[in-house]
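Presented below, as structure tokens, is a lone chain in the form predicted on its own.
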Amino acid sequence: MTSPPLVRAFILPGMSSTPQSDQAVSPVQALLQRLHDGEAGNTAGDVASYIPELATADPALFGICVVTAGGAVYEVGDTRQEFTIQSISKPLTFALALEAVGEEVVREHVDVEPSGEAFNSITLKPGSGIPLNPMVNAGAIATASLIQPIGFEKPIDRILHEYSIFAGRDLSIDEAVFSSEHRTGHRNRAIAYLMKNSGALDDDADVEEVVETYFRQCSTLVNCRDLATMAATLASTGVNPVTHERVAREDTVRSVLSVMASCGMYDAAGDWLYNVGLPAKSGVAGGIIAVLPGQLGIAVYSPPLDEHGNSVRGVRVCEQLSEELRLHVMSPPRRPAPPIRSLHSCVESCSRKMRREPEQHLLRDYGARVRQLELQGEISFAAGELISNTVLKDVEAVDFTVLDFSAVRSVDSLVVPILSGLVDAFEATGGQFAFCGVRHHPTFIEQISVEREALGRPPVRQFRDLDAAIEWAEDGLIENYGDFTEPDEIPLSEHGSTAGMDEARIELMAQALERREYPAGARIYSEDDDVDELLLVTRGMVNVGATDSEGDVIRIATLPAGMTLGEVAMLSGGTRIGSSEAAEDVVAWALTTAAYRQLAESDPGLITLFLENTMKMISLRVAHLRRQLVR
């Protein structure tokens, strides 16, 4: 049964990144639908039959899926129909072998030369006796033999775990297909025994166990969307763009894509590279993946195969996609997206930490002395030069610079000395520099740390996210340009909620309140606490947070003394919007629901003033939030 087309946001150079509505059809959606409609009637080719179980596949099944390096998914047709991965497993196991035992050991067991022969050719490299490349059966069996079950019961368990991370979901093995391959795979056994004799398999390798591992990896169940996600992970320098989990190192991905480009389509590799121009891999169950590095992954599923063992419809779709979207890697390079997505100061973009009025005035006066550069895409050598020029322009007018890497896909190693030198050049002028959002780029951080240590330079200052970095810069401005003496505890008469009240009403208010003290780090309210009071904070700072989909608490705001806490929930009779804890030692006065009602009965005018003041404070928070949304 053919699945209905699924509409997703799809971003390519020159296209709008605005998500499409469920009713709208983007140009790319129309293109994929047109390609699917055009090839659905193509009956050329035959379903693989040398593995008996594969011969039962429905030749009408046909799906196309694209996943971008930004994580957008775009699919049409039978993209959720499961089938076995077959030879598309080969680049994945090659990647695992490179990371498990290292390139030197892998290259002792398999070469990287195109064979020009069928995928199941019994041909080894003259002289060395090793397979010609890891994309043919001989090479794939050799790489499978290198996987040790570290942390797992068997090598196939580790391999299946790796495939699942590539796909972003738990995968399993089709036991019927495995049994069929195991029962009829005599040619692959012959290849394995030949390699055992030539030394391509280690002396202690059990041929039958190695072949069984290979048969099982080929029998892994996937769908078209899984394959597109795997391809996009390779496109995204080894980071799964849907789950954001790093699966493989950048150097591993480079090696895998190089072999896919030259050997992935067997004896049709030359024609493929000439016509389509993308690293690719096919499987005899009817799947094909193709990778545009840095941009996207393509997957097509259609069981009928051509004489080379490649999906007929899959080849046709990839040819047309490459032509119409200009995906050929040898095409003139597209102009990359600018490396700086946005440039702000603390005047228009603030942290979530609310400040007392004197500090707010200071940040408005001096906030332009902070530069926040939000970077994006691939930071190449040329991008590094542009970033440096931007940071060092009018440097005398800037005290703090923050580079945000949250939207960066990769950082070229050539940029490391440029950015390290930029830190030193800026701080030589008396300023301070920081990185944030770099946790997804461990290789870059390791490289720049080694670079700076070798030069005797201090480590680069790092923050988890832009909000924390901006707060650091704001604190620095206040320290540099402020001269504030903070009261140990503000009196109730100076609290924002009592503005306009005379002494008698403030005294009446004080009699209704209960004093509370919270040491730094103490939980004040949980999201599921009963809503029966609000707090008037008179000392310290309070962090308000909410739990995200992954269970992490994200800071919504930090409230200073003089603000109220929990008023929206209590006055509306609703639930708390988040949790709160003391960022430092906090003193607050609790107004319970019962005390509020008594005040409303005894002095309605007091409550009217209290509510007016509370609304003003809420409006201040909304205005503060709006400034955060600038970025």
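Sequential numbering from 1, following the sequence displayed. These figures come from a predicted structure and were not determined experimentally.
Separately, the form predicted in complex with a small molecule exists; it is not shown, and the next lines address it.
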**Request:** Work out which of the listed stretches, 225-233, 320-328, 85-93, 423-431, brings a heavy atom within 4.5 angstroms of the small molecule in the predicted complex.
**Result:** 85-93
**Message:** When the contact criterion is heavy atoms within 4.5 Å, does Val587 count as touching the small molecule in the predicted complex?
**Reply:** no
**Asked** Using 4.5 Å between non-hydrogen atoms, is Cys218 touching the small molecule in the predicted complex?
**Response** yes
**Item:** Any non-hydrogen atom of Pro279 within 4.5 angstroms of the small molecule in the predicted complex
**Value:** no
**Asked** At the 4.5 Å heavy atom threshold, is Asn137 in contact with the small molecule in the predicted complex?
**Response** yes
**Sole residue of Leu536, Leu296, Ala469, Val284 within 4.5 Å of the small molecule in the predicted complex, by heavy atom** = Val284
**Asked** Which pick from Asn240, Thr558, Ser388, Asn188 sits with a heavy atom within 4.5 Å of the small molecule in the predicted complex?
**Response** Asn188
